[in-house]
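Just one chain follows, in the form predicted alone, and it is written as structure tokens.
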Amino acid sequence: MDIELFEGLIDLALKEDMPAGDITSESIIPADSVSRALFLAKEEGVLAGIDVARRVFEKIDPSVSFIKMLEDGRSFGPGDILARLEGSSISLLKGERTALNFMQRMSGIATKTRTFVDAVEGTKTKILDTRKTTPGLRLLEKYAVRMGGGVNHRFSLSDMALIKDTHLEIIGSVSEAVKRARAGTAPGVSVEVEVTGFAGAREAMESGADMVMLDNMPLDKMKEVVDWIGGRAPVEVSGKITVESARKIAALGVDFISVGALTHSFRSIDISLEFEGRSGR
């Protein structure tokens, strides 16, 4: 994990939480108080964000000892210790909520992703994320998807040409849209077309699209398109995908299933910072 990519986000989060310090801890805890603490999992999950949490404490107080017990991408269960900390009691209290906010949410995304990845295990299908992310947190959330075993789709509108129904309503033709995308982007930029039926898929293929997305199509119609394409181009499926439907879709031989819920409908994982008492230093 290149933590430097997230420096600004961590700074912003700390400034948001402590615009003028931690007035509670600073007013009632002796400045020389030193404590031990640990990040403790309260339920099953997949870890993501442990290095972000570590960096939170480094920024607050470089003298805090932060020892990781698990790496990102590892599964954990209730009672598992994710990290051990020792240092200024005030510093530990200052970093507690910000570190947990990052780690609980990122682990929630990684955990949800893993459930979809497990659902398609044994097939060639890979689980993709989308751009349905929290504004400003896309890099962190897409990193968490990778920790859950998923694959990142485009990070931004600048990465590739993805022609959707909204574009086609304006242009009116798949072939014309693909033609314009080829002419208006740099050589090597991928062009994907979202379609809702066999006719659109045929036109996308005949127009030379690099990838075809089947959006909100019935299973039998998907199969018809996938069989007809026959591996000539990667096929992505999207649209209200559930864990239950993902396995059935993957069995058709599609290359990718994109799931917006990975980053817009996840549940944060229950993790806490538990103090063990004074260290005696």
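All values derive from a computational prediction rather than experimental measurement. One-based numbering along the sequence shown.
Below, we turn to the form predicted together with another copy of the chain, even though it does not appear here.
With the partner removed from view, the residue among 202, 154, 114, 74 that has a non-hydrogen atom within 4.5 Å of another copy of the chain in the model of the complex turns out to be 154. You can rule out all but one of 96 to 104, 194 to 202, 77 to 85, 116 to 124: in the model of the complex, only 96 to 104 has residues with a heavy atom within 4.5 Å of another copy of the chain. With a 4.5 Å cutoff on heavy atoms, residue 44 does not count as touching another copy of the chain in the model of the complex; it lies far away. In the model of the complex, another copy of the chain lies within 4.5 Å of some heavy atom of residue 177. Among heavy atoms of residue 159, some come within 4.5 Å of another copy of the chain in the model of the complex. Another copy of the chain is not drawn, but in the model of the complex it has a heavy atom within 4.5 Å of residue 29. Here the marked residues 50, 223 and 242 all miss another copy of the chain in the model of the complex; none has a heavy atom within 4.5 angstroms. Contacts of stretch 1 to 20 with another copy of the chain in the model of the complex, defined by any heavy atom lying within 4.5 Å, are made by 2, 4, 5, 9, 12, 13, 16, 17, 18, 19, 20, listed in sequence order.
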